[in-house]
Each structure stands twice: as structure tokens, then as C-alpha cells.
Ligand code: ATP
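Only one chain comes next, encoded as C-alpha cells, the form predicted on its own.
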Amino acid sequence: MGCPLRPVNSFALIKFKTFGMRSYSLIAPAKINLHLEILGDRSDGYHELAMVMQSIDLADHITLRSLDIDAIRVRCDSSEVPDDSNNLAYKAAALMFQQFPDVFAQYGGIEINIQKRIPVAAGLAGGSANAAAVLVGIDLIWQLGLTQAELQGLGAQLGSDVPFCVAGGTALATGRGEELSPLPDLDNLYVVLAKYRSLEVSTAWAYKTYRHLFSSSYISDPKGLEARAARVHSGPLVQAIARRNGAKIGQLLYNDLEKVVLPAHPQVAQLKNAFSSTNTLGTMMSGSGPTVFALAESRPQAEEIQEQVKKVIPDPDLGFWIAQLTTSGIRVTQ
């Protein structure tokens, strides 16, 4: 779909022809949460969080191409993904156009092609990863020379997961998820992911329900929030990551949102129980779900876990993916 932003003017076209057509292809990895703790409320309406986020090599492929018209076009091989301004990748391009109007006038519009491999509405930050790839790709096409921190600052305007998706790897995320502290690389483990294709869980609903049920346990003073986030940073999970101790990491997986999603969606609880019955290092729901993942020490072990769960839950609606933990976020392939 072509979404014109403003009438094309001859000056823009002359300048565009000077710079020529440019395109980049990028890899946009999904992410899982190894730790998700809700600490309290923020004045902006979001929750104060402490999370350990991890990139995996299950990834969408994004190709960006400059256009000779002032428009944003989004194309995707999945009918589940909107091709208009509701798409976070579109919003990322629109943000760049707004932030750099003079450069936009020189280079023209952008076509965004998405090869979807990350399941949609799965709690794996697929939309955020696509948006991060668009920010990185436009920076390259327009030769802006933005730093990673500058790209992450732009990403924070789009969504809490976008800054992490730009850099990827392993990181402690605080604030509403946009304040990042890199952790030691963790790429020696594999993950089996499973999601009912027809099941979606609203992130907004999950957090709202958690607030309704558990707000009495929130930390209210800033010093208390800071101290709790610091304890996560110096805690046993981060120590296990530094030692690349997969067994310990599996034992320490934690997600507050399981307290509201699992009771409301028995299928997700059943799926987690099925994973728990296998020879996994640990299992947990990722983000607000409904994807459940299990950690494994090798691909053969991951494949064995997948087959065991398929036998326990022989449901054609249940999709499976195997991925390796990875140390990078958005990567350029061309």
C-alpha cells in the first residue's frame, strides 16, 4: 500500500535523482525475556520494570528501498501484518521523515518489504524488531551516521522494546524497558518456542490486569525502585549469565506476567506444564505471551524437547520454532 505524505515537488525529484536508488537488507531478530519483574507504577502511565532481555536467531528479513515519490510503502508476506500506518515499521519510517525533513526531501520515500519469520502477536517483539530495522536501514540509506544511542533514543519514541532490538544481545532493561545495560554475551544455549497460532494475548490487558490484582505490592519511592533494579543487576541470574551456566539460568527464569496470563489462558499453562515434563533446563512464558519457551543446551536436545511436547499436545494449531541465543540485534546483510 502506498501512503503519500505530501505532494511530490520537482526539487525533491531533482535531488533524489542526484543521490540515486539505494537499498539495504537487514536481519531483525526476535527477543525473549529471561526475567520480567514489575516493580511499580510510573508517572507516565507505564510500569517500572526490571528485565533481562535476550536476542534469538529467529528473525524477520527486512529490505528497504528508496522511492522516487514521497511515500511509505509496506509489503509483507504475511496477511496478519498490516501494511498501513498501524504497522510499527511504517511508524518508524514516518518518525525518521519527521525528524529529518531536509534529508527526506533529498532522498524521497521508502519501500519496506518484510519477510515474516517471527510469529505475530507472540510476545517476541517482532513488530519492535521490524521498527528497529527500519531505523537502522533509513540511517544507512540517508547516510545520517547516527550512533547506536541516537537510534535507540528514536526507538524509545516508538515502543519500549525497540531500543533493545536495535542493539540486541543480552541486556538488563529498566525504566519501562528502554534503559539498557549490556550483559555478557550468551550464545551457547538453544530455545524451543511454542505458540497457539490462533491465540493472542493483549500486552495492555496483561499489564492492566496485573496492576488491578497486585498494585498493593508495588514499590512507590524512587530510591526503592532503583535499589530493586540494582539487585537484579547484581543478582544470581546475571551471575549465571556471566558464567554461561545454562542449568542455573534455567532455574532462575522469572516472569511476573505469568500470574495473570496463565490463569486466564489454560492453554498456555498446559503448554508450560508440558515443557516442564521434558528434559529442559527451564521453561517460561515470554513477555506477555502467549509464547512459551524452553531452554536447551544443544540443538539435538531442543529437537527432542519439541517432539516430546508435540506428543503430549498433538494440536495442529500449536506452532513450534527452534532458535539459538544470539549476541546481536539488527544486522545488515546487504
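In this text, all values refer to a predicted model and were calculated from it rather than measured experimentally. Note that residue numbering follows the sequence shown and begins at 1.
What comes next is about the form predicted in complex with adenosine-5'-triphosphate (ATP), which does not appear here.
*If you check 174, 128, 255, 152 against adenosine-5'-triphosphate (ATP) in the predicted complex, which one has a heavy atom within 4.5 Å?*
Selected option: 128.
*asked:* Looking at 246, 108, 119, 168 here, can you tell me which has any non-hydrogen atom within 4.5 angstroms of adenosine-5'-triphosphate (ATP) in the predicted complex?
replied: Flagged contact: 119.
*asked:* Quick one: 80, 86 and 161 and adenosine-5'-triphosphate (ATP) in the predicted complex, is every residue within 4.5 Å by at least one heavy atom?
replied: So, yes: the whole triplet contacts adenosine-5'-triphosphate (ATP).
*Pick from 180 to 188, 108 to 116, 215 to 223, 232 to 240: which stretch has non-hydrogen atoms within 4.5 Å of adenosine-5'-triphosphate (ATP) in the predicted complex?*
Careful reading of the contacts points to 108 to 116.
*Examine residue 283 and determine whether its closest non-hydrogen atom to adenosine-5'-triphosphate (ATP) in the predicted complex is within 4.5 angstroms.*
Although adenosine-5'-triphosphate (ATP) is absent here, residue 283 would stay clear of it in the predicted complex, with no heavy atoms inside 4.5 Å.
*With a 4.5 Å heavy atom cut-off, would you call residue 203 a contact of adenosine-5'-triphosphate (ATP) in the predicted complex?*
So residue 203 counts as contacting adenosine-5'-triphosphate (ATP).
*Do residue 124 and adenosine-5'-triphosphate (ATP) come within 4.5 Å of each other in the predicted complex, heavy atoms counted?*
Answer yes; at least one heavy atom of residue 124 falls within 4.5 Å of adenosine-5'-triphosphate (ATP) in the predicted complex.
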